[in-house]
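Next comes just one chain, in structure tokens: the form predicted alone.
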Amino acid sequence: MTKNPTEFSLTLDGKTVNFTPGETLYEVAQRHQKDIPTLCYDPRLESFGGCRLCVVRLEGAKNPVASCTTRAEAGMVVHTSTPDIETHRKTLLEMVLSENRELEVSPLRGYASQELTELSERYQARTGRFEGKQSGESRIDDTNPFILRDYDLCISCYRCVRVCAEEEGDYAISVMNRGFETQITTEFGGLLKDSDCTFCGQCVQTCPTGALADKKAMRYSETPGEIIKTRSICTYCGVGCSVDIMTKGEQIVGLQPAMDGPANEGALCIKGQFAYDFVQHEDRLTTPLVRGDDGELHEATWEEALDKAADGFKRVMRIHGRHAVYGVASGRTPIEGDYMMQRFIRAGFGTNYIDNCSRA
């Protein structure tokens, strides 16, 4: 049976558009390049409708409706930007900004840390007319090396709490109190290291104000130079999480998950998020070392080092036989590297003495 073409269509800013049953007005508007502002929205999370910046005018409705929680229905007539809606958004932003200690924060704080700043500039909302009492109390006593809990910048969007629960399933942080006493906290108000936090950094990367920030990256906030992002793949296991490496000149200053990464979709583990110091560590070897007849290690070329290794393999096989060689491939190597490793053992030595450390 052929469906009526108007069964799944609505009017969006004067244009008839189609929608898929179950879509919200915000999702429909996004598909049609309508720039609706949000602060509490993260596409990976259940819609919350807390910030009310995404409200739209729905003909027939008494008041504006939150587009992120309103399901599309056939025949709806929706206006995403009207003078009264834009005034509403600016006023809300002015009220939000009145509580924050500062607005200009380093982009090194996190992936989404510039959202509030950018919206304030877009709506010219820095009027100061709502200055007064502030909520949020920073936890400067939390000395963990990874996450800064700067709640003076918190706007109670709860994205951090929701990503911890919905994406990670950790439920390490939650919300307590109401009104100006609202606070993001852990169980019993303790430190992150004493909670169920796995330091994955998801809360940091979804925070739209930088209230939760990457402590390691913040070390380089005063380092001169433009921040350049380079897409790469995390080296720590075989999952293949996409990451954006942030650099200033030749210095790696931080790492952020790729929200469009096919394997991770914005998620990382603690190693993928924070363990990158080894790249430029002063103890890292940059030249091959070969042990000489004097028993000491000496710098060598790659050709010399590879020849030395090959001689060692041949000597072991000649003296002890082919079963004296056992290969263990790294879980950090790409599949092509693991393939060559098993070829090296099976074709080179004629055994099946090959395994992978990922088994552990």
Partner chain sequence: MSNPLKDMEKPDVIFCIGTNMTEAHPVAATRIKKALRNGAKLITADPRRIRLAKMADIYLPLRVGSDTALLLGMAHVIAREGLIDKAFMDARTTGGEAFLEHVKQFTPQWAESICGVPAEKIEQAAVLYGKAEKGAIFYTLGITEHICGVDNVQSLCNLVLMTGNVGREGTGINPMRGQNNIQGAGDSGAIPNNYVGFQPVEDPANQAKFAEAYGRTVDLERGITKVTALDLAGDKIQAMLIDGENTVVTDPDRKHCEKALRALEHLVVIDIFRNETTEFADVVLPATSWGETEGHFTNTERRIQRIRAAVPPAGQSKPDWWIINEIARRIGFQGFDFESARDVFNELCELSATYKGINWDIAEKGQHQWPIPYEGHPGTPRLHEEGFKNGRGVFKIINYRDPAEVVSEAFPIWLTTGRRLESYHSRTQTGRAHGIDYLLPEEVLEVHPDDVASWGLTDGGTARMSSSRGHVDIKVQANPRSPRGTVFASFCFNDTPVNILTGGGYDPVTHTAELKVCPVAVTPVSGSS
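All values derive from a computational prediction rather than experimental measurement. Note that the rigid core is defined as the largest set of C-alphas that superpose within 1.5 Å between two forms. Positions refer to the first chain, counted from 1.
Below, we refer to the form predicted in complex with the partner chain, which is not included among the displayed structures.
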**Asked** Does residue 285 reach the partner chain in the model of the complex if we count a contact as any heavy atom within 4.5 Å?
**Response** yes
**Message:** Although the partner isn't part of this model, could you tell me whether residue 312 comes within 4.5 Å of the partner chain in the model of the complex, counting any heavy atom of the residue?
**Reply:** yes
**Prompt:** Wondering, does residue 264 line up within 4.5 Å of the partner chain in the model of the complex on heavy atoms?
**Reply:** yes
**Request:** Mark residue 297 yes when one of its heavy atoms lies within 4.5 Å of a heavy atom of the partner chain in the model of the complex, and no otherwise.
**Result:** yes
**Request:** Decide if the three candidate residues 14, 114 and 124 all line the partner chain in the model of the complex, where lining means a heavy atom within 4.5 Å.
**Result:** no
**Fill in**
Assert contact residue (the partner chain, in the model of the complex, non-hydrogen atom within 4.5 Å, options 98, 81, 138, 247) equals 247
**Message:** Quick check on this chain: which one of 175, 259, 74, 239 has a heavy atom within 4.5 Å of the partner chain in the model of the complex?
**Reply:** 239
**Message:** Using a 4.5 Å heavy atom cut-off, which of 83-91, 114-122, 166-174, 204-212 contacts the partner chain in the model of the complex?
**Reply:** 166-174
**Asked** Mind listing which residues of 271-310 have a heavy atom within 4.5 Å of the partner chain in the model of the complex?
**Response** 271, 274, 275, 276, 277, 278, 279, 280, 281, 283, 284, 285, 286, 287, 288, 289, 290, 291, 297, 302, 303, 305, 306, 307, 308, 309, 310
**Prompt:** Against the rigid core, is the Cα displacement of residue 343 between this form and the one not shown at least 2 Å?
**Reply:** yes
**Asked** Any CA movement of 2 Å or more for residue 223 between this form and the one not shown, core superposed?
**Response** no
**Prompt:** Rigid core fitted, then: does residue 279 show a CA shift of 2 angstroms or greater between this form and the one not shown?
**Reply:** no
